[in-house]
Structures are given as structure tokens and as C-alpha cells.
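Before any questions on how it binds or moves, here is one chain, the form predicted alone, in C-alpha cells.
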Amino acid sequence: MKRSSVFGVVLLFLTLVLCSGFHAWAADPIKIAIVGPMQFTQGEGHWNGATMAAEEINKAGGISVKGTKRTIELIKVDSNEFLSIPDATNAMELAISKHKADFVMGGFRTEAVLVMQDIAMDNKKIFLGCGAAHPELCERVTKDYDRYKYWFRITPINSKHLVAVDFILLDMVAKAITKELDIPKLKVAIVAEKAAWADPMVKIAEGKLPQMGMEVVGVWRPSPTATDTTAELSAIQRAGAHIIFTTFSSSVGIPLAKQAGELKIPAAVAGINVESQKDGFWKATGGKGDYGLTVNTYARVKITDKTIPFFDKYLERYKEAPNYNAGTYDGLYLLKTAVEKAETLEADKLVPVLEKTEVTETAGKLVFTKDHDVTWGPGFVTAIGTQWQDGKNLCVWPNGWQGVKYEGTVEYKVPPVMVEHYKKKK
């Protein structure tokens, strides 16, 4: 063979190799829009959790689609949904029409997520919810499956289950107070931010608390972004409440906790307070939020084998504990599992695969109900209860509930200011 012919064969071979390699290298990334209130801790959680998962998955080669590895490209979209529902609408439109996202993930404020959900459904985009708790978001799947089947909730558990956990925590607090202070009938102040997701929880609480042997001394509904709650707290103190039962997802959780501490109200603060889930809560309240109890998703306890490694890595990188919106981390891994099973990004083919997918991630075993909600209960995602104790946010529940106790859980403590107040009265 002449030298020129040999050179030609070699050149052709190299060209084919390079073209083949280039094709694999150049496979389009999978675009995932992370949509949330990026100027607030909830949006930061969305973005941080997703970033960690995307980096890990990409480092391992990406997501395999029909044998081709494709990396994840995250798109950060600020919904500004705390301040403007139209901004949230525009954000979802932007994610889909301009950024050409293959999937969308995130959302927080129910009122905003409902409209963002409609836009995603109109475009047949799979939308993994990682923030809004209202049952209606999943009930829509049952009412109109063909339209809403592209919606799945990853986190949190819905507000009906949050209520259940809320009351279990409340019962735990009530029993601890009764045991330590021997108060015959506990008085409870219901304090919930003025938002749609909290409405059904307030209604249920008003009916449920008397059945639990407690007296409701009033209902207060401050703005989600209120910066001063002294008027509400003063009224609560005058009412003689032993427990301040909170339902907060927004920044109002900080001033209420701080001002309750400053006023030295002899009451236990318990319920839902998303702000108290993050490490910055301690500094933001000047330590006045100590002994507050909240429903939570993450603490440094062994919910699954993945929880503590994720928690530690998140804490090291972002200098704070993950809030529940960081469940985008689990969402990305769930999506990876489903895409690799389905071998496609096509939404209509992915939906039945997602419906049947079972994965154990950082918050528990993730399995969807018929209406595409996250399954709650022992063996699945339970949520946890965390209490600030001397500057540390510790898991205090489940602590034997239905046989569930996560390694690292500690006992709940009645606030010392309450113990001191009522023991002096005796």
C-alpha cells in the first residue's frame, strides 16, 4: 500500500474516532429550571440542593439516556413569588419559552405555584414541586389527570399531613408541660401567617384542639412579611396562653420568635416555622428563639444512610443546615432514576415511570400516591420535629412514634422561662 493510501486510511480512522468522540462529548445537556424566590432562604435552598446534586451527577458522568451520557444544566429563575404572583407567572414562562427547560423544579408560595403549575401543564412540562404544601396542587391530578399528570410533589408533605405532624408535636409538648408543671388545662394561641396554605390548618386546629383537651384562647393571622408582632404577642400574653401554636413559612417567623423571647412570654412556641429550620435563625433572633419547636425535614440524624452525608456536605459548603426546599437534591436524583429507566426525556413516557419509581433519598423513602403526592408515614417520608436547645437545632421527633426513632434524636425540653414562671406561682 502506498504511503499516501496508508495516510488516507489513518486520517479517515482518526476522523471517525474524533467525530464519534465529539458526538458523545457534544450531547446536549438536560436543562432543568430551578424556579423559586431566590432572594429568600427558601429559594436559596432550592438552588443549593439542586446545585449539589447536579454537580455530583455530572461528576459521575451525567444521566444516561439510551446509552448516551448527558450532563445537567441548571437554570436559576427568580420567581419573586413572595412579593408578586405575576412575577412568578413570568418566571415560569421564561423558564419554558426562553430557556427551553426540559424540566422545572421548585416553587414555594401556593398561590404562585398554582398559576405556575397551570403554565407548566399547558406546556406538558414535568414540574417537581419542592416547596408548596397545599393539597389542591395534587388533588388537581385526580380531578383532571390528563392535564395535571405532569405535576409531582417532592417536598414537603402536604398540609394535611403537616397538620397531623403538627398535632403530634403539640401533643408531645402538652404532655411534657403537664408532666413538669402540672397545669390542669392548657391554653393555646393559634398564630398563622395570612396565606392560603395556612387556612385549612387554622380551621382544623380550631376544631381539633378542644378535642385534645386544650382551650383555644384566640387566632392571630399576621402578614407573612410582618416585621413587628409585639401587638399579637402582647394579646397572647394577656390571654394566658401556655403554647403559641405557629404556622409560618415566611420571614414573620423571625420577629415573632425574637419578640416572644424579648417579652419573656412564659409559653412554649411550637408548630411550623420555616425560618427556624435554618442555622441563621439563631443569629437573626439574637438567641431569643431558643426552645422553639418546628416541623422540619432535615437535622443531623440518620433518617436514611444518605441523610447525614448530605447534611454535612451542605453545612460545610453553605455554612448553614438545609431547609426543606433543598429537597431539590432528592428531586434531581429521582429524575435521574426515572429518565434512565424510561430512556427518554419525553414527559408522556416519563410520567408512568415516575408514578412507579421508588427511591430512598435523604428525607426518606420517596414513593408517590395516586395523586402524585409524596407518601407520608413510617417507612416513607415522616418529616421530623426540631427544637433549638442552647443554640443547636436538634431532632426531638419522631422519638418512638409508631416504632420510628432516628439515630441522634434527643428529648424535648420545656422552655426554662416557662418552668421558672409557673414554679414561682406555686
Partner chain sequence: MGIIWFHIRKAFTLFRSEVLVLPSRVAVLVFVVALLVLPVFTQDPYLLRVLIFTSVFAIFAASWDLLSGFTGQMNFGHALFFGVAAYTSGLINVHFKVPYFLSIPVGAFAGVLTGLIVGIPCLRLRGTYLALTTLAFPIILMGLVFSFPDVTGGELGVMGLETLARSRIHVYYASVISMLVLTSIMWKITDSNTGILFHAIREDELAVRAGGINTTRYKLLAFCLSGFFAGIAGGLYAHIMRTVGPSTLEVSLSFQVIIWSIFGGIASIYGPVAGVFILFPLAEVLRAFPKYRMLIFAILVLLTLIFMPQGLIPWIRDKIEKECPRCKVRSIATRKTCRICAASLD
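Definition used throughout: the rigid core is the maximal C-alpha set that superposes within 1.5 Å between two forms. Numbering follows the first chain given and starts at 1. Here the structure is a predicted model, which is why all the values come from computation and not from measurement.
Keep in mind that the form predicted in complex with the partner chain is not shown, yet the notes after this line are about it.
Proximity to the partner chain in the predicted bound form, defined as a heavy atom within 4.5 Å, singles out one entry of E320, D118, E180, E215, which is D118.
Though the partner chain is absent from this view, in the predicted bound form it lies within 4.5 Å of a heavy atom of just one residue from A91, M105, V191, A257, which is A91.
Contact between K185 and the partner chain in the predicted bound form is not found at the 4.5 Å heavy atom cutoff. Not displayed here, the partner chain is kept clear of R153 by more than 4.5 Å at the level of heavy atoms in the predicted bound form. Contact between E316 and the partner chain in the predicted bound form is not found at the 4.5 Å heavy atom cutoff. In the predicted bound form, no heavy atom of D228 sits within 4.5 Å of the partner chain.
Comment: 107-115 is the region of 263-271, 107-115, 215-223, 278-286 lying near the partner chain in the predicted bound form, near meaning a non-hydrogen atom within 4.5 Å. If you take 243-275 and check each residue for a heavy atom within 4.5 Å of the partner chain in the predicted bound form, you get nothing at all. Annotation: Cα of K203 displaced by at least 2 Å between the shown form and the other one, core superposition. Relative to the superposed core, S250 shifts its CA atom by 2 Å or more between the shown form and the other one.
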